[in-house]
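Before any questions on binding or motion, here is one chain by itself as C-alpha coordinates, the form predicted alone.
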(Lines give C-alpha, C1' and ligand atoms only; values in the text may rest on other atoms or scores of the structure.)
Protein backbone atom coordinates (compact mmCIF):
# COMPACT_ATOMS: atom_id res chain seq x y z
CA UNK A 1 0.00 0.00 0.00
CA UNK A 2 2.92 2.34 0.70
CA UNK A 3 4.74 1.74 -2.56
CA UNK A 4 7.54 -0.28 -0.99
CA UNK A 5 7.28 -3.01 -3.63
CA UNK A 6 7.66 -2.13 -7.31
CA UNK A 7 5.01 -3.01 -9.91
CA UNK A 8 5.65 -6.48 -11.35
CA UNK A 9 7.95 -7.52 -8.50
CA UNK A 10 7.97 -11.28 -7.91
CA UNK A 11 7.99 -12.84 -4.48
CA UNK A 12 7.85 -16.28 -2.91
CA UNK A 13 5.92 -17.54 0.07
CA UNK A 14 9.20 -18.57 1.65
CA UNK A 15 10.63 -15.07 1.13
CA UNK A 16 7.50 -13.41 2.52
CA UNK A 17 7.64 -15.70 5.57
CA UNK A 18 11.28 -14.83 6.12
CA UNK A 19 10.77 -11.07 5.65
CA UNK A 20 7.92 -10.98 8.18
CA UNK A 21 9.19 -13.75 10.45
CA UNK A 22 6.11 -15.97 10.03
CA UNK A 23 5.62 -19.56 8.97
CA UNK A 24 4.35 -20.63 5.56
CA UNK A 25 0.70 -20.93 6.68
CA UNK A 26 0.16 -17.26 7.64
CA UNK A 27 2.23 -16.16 4.63
CA UNK A 28 0.03 -18.29 2.33
CA UNK A 29 -3.18 -16.94 3.89
CA UNK A 30 -1.97 -13.34 3.59
CA UNK A 31 -1.07 -13.86 -0.07
CA UNK A 32 -4.49 -15.42 -0.77
CA UNK A 33 -6.22 -12.45 0.80
CA UNK A 34 -4.06 -9.92 -1.07
CA UNK A 35 -4.72 -11.77 -4.35
CA UNK A 36 -8.47 -11.64 -3.61
CA UNK A 37 -8.22 -7.89 -2.96
CA UNK A 38 -6.31 -7.29 -6.20
CA UNK A 39 -3.07 -6.19 -4.49
CA UNK A 40 -1.14 -9.24 -5.73
CA UNK A 41 -1.53 -11.57 -8.67
CA UNK A 42 -0.82 -15.26 -8.79
CA UNK A 43 -0.08 -17.22 -11.95
CA UNK A 44 -1.28 -20.77 -12.55
CA UNK A 45 2.21 -21.94 -11.64
CA UNK A 46 1.91 -20.21 -8.25
CA UNK A 47 4.19 -17.26 -9.03
CA UNK A 48 3.19 -14.29 -6.87
CA UNK A 49 3.81 -10.71 -8.00
CA UNK A 50 2.54 -7.20 -7.66
CA UNK A 51 0.38 -6.26 -10.63
CA UNK A 52 1.58 -3.93 -13.35
CA UNK A 53 -1.33 -1.60 -13.89
CA UNK A 54 -2.37 -0.62 -17.40
CA UNK A 55 -3.45 2.92 -18.23
CA UNK A 56 -7.06 1.73 -18.28
CA UNK A 57 -6.74 0.18 -14.83
CA UNK A 58 -5.09 3.31 -13.39
CA UNK A 59 -7.93 5.42 -14.84
CA UNK A 60 -10.51 3.06 -13.33
CA UNK A 61 -8.88 3.20 -9.88
CA UNK A 62 -8.55 7.00 -10.11
CA UNK A 63 -12.28 7.21 -10.87
CA UNK A 64 -13.02 5.01 -7.87
CA UNK A 65 -10.84 7.17 -5.63
CA UNK A 66 -12.65 10.25 -6.89
CA UNK A 67 -16.08 8.80 -6.15
CA UNK A 68 -15.32 7.18 -2.81
CA UNK A 69 -13.04 9.78 -1.30
CA UNK A 70 -15.14 12.78 -2.27
CA UNK A 71 -18.11 11.09 -0.60
CA UNK A 72 -16.08 10.31 2.52
CA UNK A 73 -14.83 13.90 2.77
CA UNK A 74 -18.34 15.26 2.31
CA UNK A 75 -19.63 13.01 5.09
CA UNK A 76 -16.74 14.02 7.35
CA UNK A 77 -17.31 17.76 6.98
CA UNK A 78 -20.18 18.08 9.51
CA UNK A 79 -18.04 16.19 12.04
CA UNK A 80 -14.85 18.18 11.43
CA UNK A 81 -13.55 20.11 14.42
CA UNK A 82 -10.43 22.12 15.18
CA UNK A 83 -8.61 19.12 16.70
CA UNK A 84 -9.07 17.24 13.42
CA UNK A 85 -7.88 20.23 11.40
CA UNK A 86 -4.85 20.60 13.68
CA UNK A 87 -4.09 16.88 13.24
CA UNK A 88 -4.37 17.18 9.44
CA UNK A 89 -2.00 20.17 9.47
CA UNK A 90 0.47 18.17 11.55
CA UNK A 91 0.29 15.19 9.20
CA UNK A 92 0.72 17.53 6.24
CA UNK A 93 3.86 18.86 7.93
CA UNK A 94 5.18 15.28 8.02
CA UNK A 95 4.26 14.90 4.35
CA UNK A 96 6.41 17.99 3.69
CA UNK A 97 9.31 16.51 5.67
CA UNK A 98 9.15 13.29 3.66
CA UNK A 99 9.16 15.26 0.42
CA UNK A 100 12.18 17.26 1.62
CA UNK A 101 14.00 14.03 2.55
CA UNK A 102 13.14 12.45 -0.81
CA UNK A 103 11.43 9.52 0.97
CA UNK A 104 8.80 8.12 -1.44
CA UNK A 105 7.48 5.43 0.93
CA UNK A 106 7.27 7.92 3.80
CA UNK A 107 5.49 10.37 1.54
CA UNK A 108 2.98 7.76 0.37
CA UNK A 109 2.40 6.50 3.93
CA UNK A 110 1.79 9.98 5.40
CA UNK A 111 -0.29 11.08 2.41
CA UNK A 112 -2.59 8.11 3.00
CA UNK A 113 -2.59 8.89 6.74
CA UNK A 114 -3.77 12.42 5.91
CA UNK A 115 -6.69 11.08 3.89
CA UNK A 116 -7.56 8.27 6.31
CA UNK A 117 -7.57 10.66 9.27
CA UNK A 118 -10.11 12.86 7.50
CA UNK A 119 -12.22 9.96 6.25
CA UNK A 120 -12.51 8.31 9.65
CA UNK A 121 -14.66 11.30 10.64
CA UNK A 122 -17.17 10.27 7.96
CA UNK A 123 -18.19 7.31 10.12
CA UNK A 124 -18.72 5.27 6.95
CA UNK A 125 -16.67 2.10 7.50
CA UNK A 126 -17.89 0.28 4.36
CA UNK A 127 -16.93 3.17 2.07
CA UNK A 128 -13.58 3.58 3.84
CA UNK A 129 -12.85 -0.14 3.44
CA UNK A 130 -13.50 0.17 -0.30
CA UNK A 131 -11.17 3.19 -0.52
CA UNK A 132 -8.45 1.29 1.35
CA UNK A 133 -8.78 -1.62 -1.09
CA UNK A 134 -8.22 0.83 -3.96
CA UNK A 135 -5.16 2.24 -2.14
CA UNK A 136 -3.86 -1.29 -1.72
CA UNK A 137 -4.21 -2.00 -5.44
CA UNK A 138 -2.46 1.27 -6.32
CA UNK A 139 0.42 0.85 -3.84
CA UNK A 140 3.17 -0.36 -6.17
CA UNK A 141 2.10 2.14 -8.82
CA UNK A 142 2.29 5.02 -6.34
CA UNK A 143 6.06 4.53 -6.07
CA UNK A 144 6.35 4.91 -9.85
CA UNK A 145 4.11 7.98 -9.73
CA UNK A 146 6.24 9.60 -7.04
CA UNK A 147 9.32 9.18 -9.25
CA UNK A 148 7.52 10.59 -12.27
CA UNK A 149 6.26 13.65 -10.40
CA UNK A 150 9.69 14.51 -8.93
CA UNK A 151 8.01 16.06 -5.92
CA UNK A 152 9.75 19.08 -4.43
CA UNK A 153 6.86 20.22 -2.24
CA UNK A 154 3.80 18.64 -0.65
CA UNK A 155 0.54 18.53 -2.57
CA UNK A 156 -1.05 21.98 -2.50
CA UNK A 157 -4.49 20.35 -2.57
CA UNK A 158 -3.99 19.32 1.07
CA UNK A 159 -3.88 23.00 2.01
CA UNK A 160 -7.10 23.53 0.02
CA UNK A 161 -8.73 20.59 1.82
CA UNK A 162 -7.79 22.07 5.19
CA UNK A 163 -9.02 25.54 4.17
CA UNK A 164 -12.35 24.12 2.99
CA UNK A 165 -12.76 22.23 6.27
CA UNK A 166 -12.08 25.42 8.26
CA UNK A 167 -14.62 27.35 6.17
CA UNK A 168 -17.24 24.58 6.16
CA UNK A 169 -17.13 24.81 2.35
CA UNK A 170 -18.52 21.52 1.02
CA UNK A 171 -18.21 22.33 -2.72
CA UNK A 172 -14.62 23.53 -2.15
CA UNK A 173 -13.83 20.41 -0.13
CA UNK A 174 -15.27 18.10 -2.77
CA UNK A 175 -13.27 19.85 -5.52
CA UNK A 176 -10.02 19.83 -3.50
CA UNK A 177 -10.31 16.12 -2.66
CA UNK A 178 -11.25 15.18 -6.24
CA UNK A 179 -8.30 17.16 -7.58
CA UNK A 180 -5.90 15.73 -5.02
CA UNK A 181 -6.76 12.08 -5.64
CA UNK A 182 -6.82 12.28 -9.43
CA UNK A 183 -4.20 14.84 -10.51
CA UNK A 184 -1.18 12.62 -9.89
CA UNK A 185 -2.70 9.47 -11.31
CA UNK A 186 -3.46 11.30 -14.56
CA UNK A 187 0.30 11.76 -15.02
CA UNK A 188 0.77 8.00 -15.11
CA UNK A 189 -1.45 7.66 -18.14
CA UNK A 190 0.17 10.51 -20.13
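In this text, rigid core is short for the largest set of C-alphas that superpose within 1.5 Å between two forms. None of the values given here were measured: they were computed from a predicted structure. Numbering follows the first chain given and starts at 1.
Another form, the form predicted together with the DNA, is not on view; read the next lines as being about it.
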I'd like to check something about residue 47: if you look in the model of the complex, is any of its heavy atoms closer than or equal to 4.5 Å to a heavy atom of the DNA?
yes
Would you classify residue 28 as touching the DNA in the model of the complex, given a 4.5 Å non-hydrogen atom cut-off?
yes
Although the DNA is absent from this view, report whether residue 24 comes within 4.5 Å of it in the model of the complex, heavy atoms only.
yes
According to a 4.5 angstroms non-hydrogen atom cut-off, is residue 18 in contact with the DNA in the model of the complex?
no
Among 52 to 60, 157 to 165, 117 to 125, 28 to 36, the stretch whose residues bring a heavy atom within 4.5 Å of the DNA in the model of the complex is 28 to 36
Within 1 to 18, which residues come within 4.5 Å of the DNA in the model of the complex, counting heavy atoms only?
11, 12, 13, 14
Does residue 44 move its CA by 2 angstroms or more between this form and the one not shown when the core is aligned?
yes
Determine whether the C-alpha of residue 166 shifts by 2 Å or more between this form and the one not shown once the rigid core is superposed.
no
Can a Cα shift of no less than 2 Å be assigned to residue 175 between this form and the one not shown, given superposition on the rigid core?
no
